[in-house]
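Consider the single chain below, provided in structure tokens and representing the form predicted alone.
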């Protein structure tokens, strides 16, 4: 089986960097794995500039693949080439669905829900393997019907004929430089050798030893699993209407049956901020006296009286944060607001000048284990935004190495 890949919602290329262990020295590349990317889609709605696509094209535009800068919902899935592995980091949205008014048997969802585009690819192209990434709150959304959204996704996979595994992974738990917690979903067609082999295993054996995540991100302990049955629901509409679940941070779905358990990681020594910071940093990243006062207020404790739409008042409270981030810890979760005057922005005490400053764009790239200056050429504000949207590529590298072995054993 060829190691061919289609990438959706590609951003600036985190999946590709991770899968192929891409490193850059003096603008030349080295790769360890040879996953071949056949077709890539990246589209940022509501903006004329397409910096993420331009960045991706800068690094990979000369290779023999198709780079598509177009709304995925406007693309016929039949035009996507056949491939072995589908990858992508899709946004967390409202996944609710209902019966179509025009076609009773059809299913209608909210406009712009990108999971539907992935589902269409699964039905049309039937890739043997799938690797997806999302925010961990996907397991608990929406708040009024916990677990519904992930239930819809699992039901979609089941209808399309897949065995599914997932795990919420905090990158810093496994030796990486950022406390970034995300859910990773690996799915395999039931017809693959891999799925057939897993079907013969006991559930606890899979969770403890045999799943792709048991092999790549070790657990100290797997707690007793809970079960949910999706086979009682005919389609995603029924799941959307009735399904609730208390999903844990780890689990599998096999033949429509869900088994989910909480796991405790075997924690590795993380990369610390002091190991990734630059020297001789430009003065523009250091805080002015005014900015220092703003951050002091934002990171301090506060209790603010606010007014609701109906005129009643309430108090909004925030606890205090450290005045600056410790260099002896991995970075906090980086958001798209990184670099702005914002409570979530990293502030460090520069060890050379003993002055407070923001992280540089290169340091933010290092938090996600991208090669230095990967996003060079766009404004700093956009470079921060791209890294706030990106994933920790080291996670993908470890999962990708195992996928590589799995594909090698297929016909």
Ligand SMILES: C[S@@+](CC[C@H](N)C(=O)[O-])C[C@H]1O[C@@H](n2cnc3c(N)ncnc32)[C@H](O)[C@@H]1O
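Just so it is clear, the structure is predicted and the values come from calculations on it, not from any experiment. Positions refer to the first chain, counted from 1.
Note that the form predicted together with this ligand isn't included here; everything after this is about it.
Here is the short version: of 329, 114, 298, 222, the single residue with a heavy atom within 4.5 Å of this ligand in the predicted complex is 114. Checking 70, 381, 353, 64 for any heavy atom within 4.5 Å of this ligand in the predicted complex turns up a single hit: 70.
With the partner left out here, this ligand still marks one of 71-79, 244-252, 159-167, 212-220 in the predicted complex; by a 4.5 Å heavy atom cut-off that stretch is 71-79. Although the partner is absent here, residue 360 is not a contact residue: none of its heavy atoms lies within 4.5 angstroms of this ligand in the predicted complex. None of the heavy atoms of residue 400 is located within 4.5 Å of this ligand in the predicted complex. Although the partner is absent here, residue 41 is a contact residue: one of its heavy atoms lies within 4.5 angstroms of this ligand in the predicted complex.
Residue contact check for residue 377: none of its heavy atoms lie within 4.5 Å of this ligand in the predicted complex. Every residue in the set 12, 45 and 390 has a non-hydrogen atom no more than 4.5 Å from this ligand in the predicted complex.
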